[in-house]
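Only one chain is shown below, in structure tokens, and it's the form predicted alone.
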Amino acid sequence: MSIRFSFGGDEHIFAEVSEEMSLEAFFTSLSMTNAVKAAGIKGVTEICPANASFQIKFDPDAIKPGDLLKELQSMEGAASKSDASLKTRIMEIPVLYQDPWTHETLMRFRERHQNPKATDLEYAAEVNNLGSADDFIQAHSSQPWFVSMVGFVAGLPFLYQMVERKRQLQVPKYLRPRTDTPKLTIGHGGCFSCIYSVRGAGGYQMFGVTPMPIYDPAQKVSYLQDEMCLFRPGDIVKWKPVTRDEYDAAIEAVDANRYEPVIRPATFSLTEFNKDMAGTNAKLMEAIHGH
């Protein structure tokens, strides 16, 4: 794939790796941003990777825009041929699907939805030709998801389902965005799932909530004291459906600052994944359960 570069004002270069999301595009973007970081190019002040693109901020007084563009273009060939593997983490995220808080919220905004007579989960099941909301929850939670980007708001992960493209869950966003979304809502728009790190506006379909904090600017949460944001690009997530009692118990543990998330080291190879998706995912599931 050929990267399309364009200038954004006087201080940015935007690089579009692909017009559509794929793990191949993600790894090319990751290789490029890692190469830029390793090169230590004078004048580069920020490197921002995204799903299938990246952006570089630079000081035009330190490096001419055309010179930086040539530097980036010279790295493209090596990035496209780099080893698409990484040492990463797999983590289990508990989810209370069909919770009362997102339900109350979605009912306030039905006039902005494609199907005002259905819940977001019922609509998601319908457009994916699944029989019921429970069938959709099973499809959503049974296979791992790849964190392809962290951003939009602080700490919010975009997650890409690790299955064949024809099996990926696709759900359009609301017709018009909501002005409210509960904190830690599990959302879905297009092919991406996400977790809303803070309460606020949003347009993704709402499926449930997690009790597990993922962003803490005060860094008081025990597992977020080193980094205020839980997720990094390349992390792998497995959703775990929980009951209301299990959710309440987790909230109690979070409030007492004794909640311990399930996070395990893992290695991911895109080549091996493309050869055997089911086998790769099975090994990842073994890793998270310590087998």
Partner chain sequence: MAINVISPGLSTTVQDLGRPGYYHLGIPLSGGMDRFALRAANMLVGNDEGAAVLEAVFLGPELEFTAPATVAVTGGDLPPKLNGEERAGWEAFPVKAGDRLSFCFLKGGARAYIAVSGGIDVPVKLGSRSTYTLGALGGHEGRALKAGDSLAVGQGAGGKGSVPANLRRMPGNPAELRMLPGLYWHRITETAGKQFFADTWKVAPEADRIGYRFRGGTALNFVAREQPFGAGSNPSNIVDACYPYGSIQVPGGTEPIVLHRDAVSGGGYMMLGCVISADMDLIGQLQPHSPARFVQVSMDQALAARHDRQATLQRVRAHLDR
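Since the model is a prediction, treat every value here as computed from it, not as a measurement. Positions refer to the first chain, counted from 1.
Not pictured, yet referred to below: the form predicted in complex with the partner chain.
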query	finding
Triple contact flag E104, L224 and Y247 to the partner chain in the predicted complex, non-hydrogen atom at 4.5 angstroms	no
Interface membership of V127, the partner chain in the predicted complex, 4.5 Å heavy atom rule	no
Residue contact check: K42 to the partner chain in the predicted complex, 4.5 Å heavy atom	no
Distance check, S6 to the partner chain in the predicted complex, heavy atom within 4.5 Å	yes
Distance check, R165 to the partner chain in the predicted complex, heavy atom within 4.5 Å	yes
Contact stretch among 96 to 104, 192 to 200, 81 to 89, 136 to 144 - heavy atom within 4.5 Å of the partner chain in the predicted complex	192 to 200
Residues within 4.5 Å of the partner chain in the predicted complex, restricted to 225 to 241 and counted by heavy atom	M228, C229, F231
